[in-house]
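Let's start with one chain on its own, the form predicted alone, as structure tokens.
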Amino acid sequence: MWKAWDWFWFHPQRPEAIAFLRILSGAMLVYTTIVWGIKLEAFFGPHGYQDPLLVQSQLIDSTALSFWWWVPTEHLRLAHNICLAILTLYVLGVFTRITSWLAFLICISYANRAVDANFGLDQINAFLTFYCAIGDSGGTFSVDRLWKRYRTGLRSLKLRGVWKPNPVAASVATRVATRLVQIHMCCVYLWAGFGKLKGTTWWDGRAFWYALSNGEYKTHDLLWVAWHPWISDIVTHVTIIWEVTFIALIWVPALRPWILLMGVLMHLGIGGFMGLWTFGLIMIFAYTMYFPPELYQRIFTKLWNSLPALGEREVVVDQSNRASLSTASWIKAWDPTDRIALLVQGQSSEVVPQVKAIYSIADWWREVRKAPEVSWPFVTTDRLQGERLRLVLLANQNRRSLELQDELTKHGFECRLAVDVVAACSMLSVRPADAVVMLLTNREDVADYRAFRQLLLCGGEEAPTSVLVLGTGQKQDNVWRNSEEHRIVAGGPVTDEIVREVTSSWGEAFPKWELGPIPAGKLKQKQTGKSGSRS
């Protein structure tokens, strides 16, 4: 139960879904703010629709926050324009860590100042913006991501002559924000259904008819439904059943598409027949968090690849020319699907082959079948001098793994625990490691292990220099056995044996590993084979 709870809330998740929600909900927030500004002084001025003293009397002993109480009357338009600029930056993903929280403050400030004009749209906008601020909503589909690709790719080109930007990283914060949106939507529908059951019209089937015949919201003449009461009965009772059971049925994978389809149809009907388009659309936007991030990645890749190519298919880069490196890095920053190849030409006029960035397990497996075998670079002395050696322990998060992590930490390692290959990849993308220790089991898919091995081999200078595989599953052992870079220890060794195996595996190269920081100049490297691969 604890593993299931930990996976549900804290398993690292990629940010594609929450980034897409940031764009949709942020665009709605920009629209509603523009609407507020049409009659800005009437809504927020001292002599408008809602007198400040009256509103403040309604908010006594309330924690409702609004910056409009401190904005002078002559600066209302200036403050409104600044808010629009911040919201636009938020939608584009510029300084998202800052603008997301500012967008949330703007949203609640407008709603809490004009409380009598507050509507369900403002409430949904508020909690969606809040959860986007918690998660890494600017991790992709943003200017922040574009700038990060340019900056890290340029650094990689300068140092190693290889285009290798940091991949999109999964994070626990994104997972938590995703679950909060999903559960919040379940609560919204549950209490909406319970609230409807307090009235008689939702029991006798007349509620749908009353909504259609309401002159304030009526946009189409549907009075003919009065001669067919069975239509109102069916729609009314189906709506109640759907809202009350949403909290349970949405978690069933086979039913989830149909439950969400019913919600889309319901909210489109609210928009089409009652004119509440903004409320209906913002509710549909929240449904995007019920789909996996990989879906949005595939959709974005197909849409991007359908566009015309960005300039030439191949770009020759002069590594000794700073302007050429900067231009090439900027071109590749706008090429997230790697449609343009960089041919990096160093001072020796040698063209260096490129290794494509790997973004998901599926991409790793595709790379296994077509990517060339790349020699494994050894870690440099400068990077390790004065630091504890970093170790990634790939094992199930059980008691034995936690004990092993503690023991390795006592022996001088900086040890991080990854529960699967996806988590290990995320850790390595955030901070490089010097070695990986893997406790293999039959639970992981063989294809994932092959892809992870290929990722390590093609990872460039930031990849771990050594891998110690402690195998308990024969199928996975075979993935690593035919490699000179990896050492296999078959069977299921106990904690003490694993610690001895780790501290002795690289004893020649790292003579002081278990005693603390490695002394400068102690690293050794050996060239093996005709291809120059290092082990």
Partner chain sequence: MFETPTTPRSNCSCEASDRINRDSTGSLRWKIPVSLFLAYHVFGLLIAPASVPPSSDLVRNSWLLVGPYLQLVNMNQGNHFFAPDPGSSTLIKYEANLKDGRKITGQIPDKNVQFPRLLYHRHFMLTEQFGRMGDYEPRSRALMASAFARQICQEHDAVSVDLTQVTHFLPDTQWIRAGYSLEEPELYLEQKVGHYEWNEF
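Residue numbers count along the first chain shown, from 1. All of these numbers come straight from a predicted model, not from anything done at the bench.
Absent from the display: the form predicted together with the partner chain. The rest refers to it.
For residue 27, no non-hydrogen atom is located within 4.5 Å of the partner chain in the predicted bound form, even though that partner is not displayed. By the criterion of a heavy atom within 4.5 Å, residue 257 is excluded from the residues contacting the partner chain in the predicted bound form. Proximity of residue 425 to the partner chain in the predicted bound form falls within the 4.5 Å heavy atom cutoff. Although the partner is absent here, residue 248 is not a contact residue: none of its heavy atoms lies within 4.5 angstroms of the partner chain in the predicted bound form.
A heavy atom within 4.5 Å of the partner chain in the predicted bound form is found for one listed residue only; from 184, 237, 411, 151, this is 184. 192 is the sole member of 79, 417, 262, 192 with a non-hydrogen atom lying within 4.5 angstroms of the partner chain in the predicted bound form. Remark: of stretches 320-328, 417-425, 81-89, 402-410, the one touching the partner chain in the predicted bound form is 417-425 (heavy atom within 4.5 Å).
Along 151-176, residues 164, 166, 167, 168, 170, 172, 176 each place a heavy atom within 4.5 Å of the partner chain in the predicted bound form.
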